[in-house]
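Take a look at this one chain, the form predicted on its own, written out in structure tokens.
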């Protein structure tokens, strides 16, 4: 039986992936927080991805497959986020290469492309990663993506797939866009109604399984069933849009984020102002993946 090591296993998506892969694989989970009540057949290790203990786990467990989900997305401390996302990713993938892992799946985000006024609709994987230009608070995700992509070409003998999913929703997923849609009302900028894409957490878990089963190498966008204006997304998820002017909204968010009172920095406003839609054809053609949950089902999942 193959052994898979999953970082970030205690999070919502990590648990879904573990439960799915655990039907046919031996599962080792690494997270800085424990998973209370995890299936007894799983091996759980509490560890900080930035620490040497992670390398000891690889030396002892020798996983065949690594699924790297251990990102820090919702911490107000930018230095900590950078250490975990960039330093932690480096440590994980270098340890995987050193101890014989043959297949690595690294999950980043479609946000790496950034939300800009001149963005083309449905950007492919060759599009420049522009998020750092206008949204410096998550430049660490783009840097992590670049490290993973570089690793892919440095180690051609390792089947490495970098997956960039659209905004992920689901009852177990803790994401910025899900938090935004759960607000009631959800602020919507006056005069702007960009197209947005979503994918259900179960479909992301399916995409990870597909990447492992097919052994694909490369960088892939992962999309759900379609795109809708942000106003439609708010309504279909059961919320109400509150039209707000842009400038005072940015000022308010900047101060609230600085004081640790609200999870979105001011530059996150760009993602409800400009489009950031991606093209998922490369992954579909390589693996046959097709999201199974409808857009309506995906949007309604934010309010289980």
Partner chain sequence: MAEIRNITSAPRRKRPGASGPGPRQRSVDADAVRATPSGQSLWQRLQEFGQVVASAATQHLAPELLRDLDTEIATKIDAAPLATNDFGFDPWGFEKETARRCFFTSALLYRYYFRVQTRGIENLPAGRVLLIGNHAGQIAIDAAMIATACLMEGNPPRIVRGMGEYWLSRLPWLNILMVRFGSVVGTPKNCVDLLEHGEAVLAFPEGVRGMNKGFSERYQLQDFGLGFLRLALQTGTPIVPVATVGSEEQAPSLGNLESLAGILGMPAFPMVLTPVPLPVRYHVEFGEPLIFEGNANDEDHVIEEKVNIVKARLRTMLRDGLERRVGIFS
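Residue numbers count along the first chain shown, from 1. If you're wondering where the values come from, they're calculated on a predicted model, not measured in any experiment.
Beyond the structure shown, there is the form predicted in complex with its partner chain, which is absent from this document and is the topic of what follows.
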Can you tell me if residue 99 lies within 4.5 angstroms of its partner chain in the predicted bound form, counting non-hydrogen atoms only? no
Evaluate residue 299 for contact with its partner chain in the predicted bound form, applying a 4.5 angstroms cut-off between non-hydrogen atoms, and reply yes or no. yes
Even though its partner chain is not shown here, does residue 61 get within 4.5 Å of it in the predicted bound form, heavy atoms only? no
Counting only non-hydrogen atoms and a 4.5 angstroms cut-off, does residue 87 reach its partner chain in the predicted bound form? no
Mind telling me which stretch in 151-159, 106-114, 205-213, 222-230 gets its heavy atoms within 4.5 Å of its partner chain in the predicted bound form? 222-230
Contact check in the predicted bound form: 118, 190 and 193 versus its partner chain, with a cutoff of 4.5 Å between any heavy atoms. Do all three pass? yes
Counting non-hydrogen atoms within 4.5 angstroms of its partner chain in the predicted bound form, say which of 77, 94, 124, 83 makes the cut. 124
Which one of 42, 257, 35, 274 is close to its partner chain in the predicted bound form, taking close to mean a heavy atom within 4.5 Å? 274
